[in-house]
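Single chain ahead, written as C-alpha cells, the form predicted on its own.
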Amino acid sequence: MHAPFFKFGAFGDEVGLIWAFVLGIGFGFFLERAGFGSAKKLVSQFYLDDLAVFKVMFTAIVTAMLGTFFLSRAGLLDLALVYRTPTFWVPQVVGGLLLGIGFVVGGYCPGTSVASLATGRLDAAAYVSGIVLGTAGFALAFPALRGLFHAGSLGARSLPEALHLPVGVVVFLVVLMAVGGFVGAQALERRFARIHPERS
C-alpha cells in the first residue's frame, strides 16, 4: 500500500474526518505556541519588522513540496491521485484581495483567528463572527455572483504544467526562491525594526 492512503481505501470517510479533526487541533495548537494567535504578531508582516509568519509558511510549503516530490520519485506516492483544486483566476484574485484587506484590518487570517478564538481573545471572536456572516452573505448572494465564481477557468493545473517545465526544475527554482526570500526577509526585519523600535 502506498499513498494517498484514502484514495487506495486504507480508511473511509469516518476515519478521514477523525484524522482531519486531530490534525486540525494539532495545527491550531502549534499556531498558538508559535505566537501566531496574536494579531500584533501577524500584522508585523505588513510593518516588515517581523516576518516570522512569512518564513514559517514558506518553510511549510517547501517542506511539503520536497516531501511530495521525493515520495513520488521513490514510488511511495501516486501524484496522479492527489487532488488539485481547479484554478479560476478571476474569483481567486478577487478573493485574495478581500482576504488581504481583512488580514490588514482585523489582524488575522481565517486559520489563525480560530486558533486565537480557542484561547479566548475577544478580537478573534469578532473576526470569526465576520467570517461566519461573510460566508452566509456569500451563500445568499451566490446566484448573482455565479458568473464571477466560474470566471477565468484554467483547470486543475500544476505549476510545472503551467510553466511547461519538468517537475524537478520547478522544485529547484522554488527552493532557490525560498532561500532568497529568507535572506530578503532577514534584511527587511533588520531595517524596519530600527524604523519601528516601539513595536519590538
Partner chain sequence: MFETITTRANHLVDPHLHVWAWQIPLYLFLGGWVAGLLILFGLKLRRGARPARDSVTYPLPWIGLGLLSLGMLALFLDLEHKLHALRLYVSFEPSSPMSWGAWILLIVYPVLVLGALLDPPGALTRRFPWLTRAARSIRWTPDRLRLLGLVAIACGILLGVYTGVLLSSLGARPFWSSGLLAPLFLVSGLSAGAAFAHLIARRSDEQRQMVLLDTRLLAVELALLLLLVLGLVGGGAVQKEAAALVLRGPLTAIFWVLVVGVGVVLPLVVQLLAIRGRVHHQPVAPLLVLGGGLALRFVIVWAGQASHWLHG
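No experiment lies behind these values; they were computed from the predicted model shown. Positions refer to the first chain, counted from 1.
Keep in mind that the form predicted in complex with the partner chain is missing from the display, and what follows is about it.
Put simply, L17 is close to the partner chain in the predicted complex: some heavy atom of it is within 4.5 Å. Contact annotation for G75: none of its heavy atoms lies within 4.5 Å of the partner chain in the predicted complex. Residues of 19 to 51 that come within 4.5 Å of the partner chain in the predicted complex, judged by any heavy atom, are F21, I25 in sequence order.
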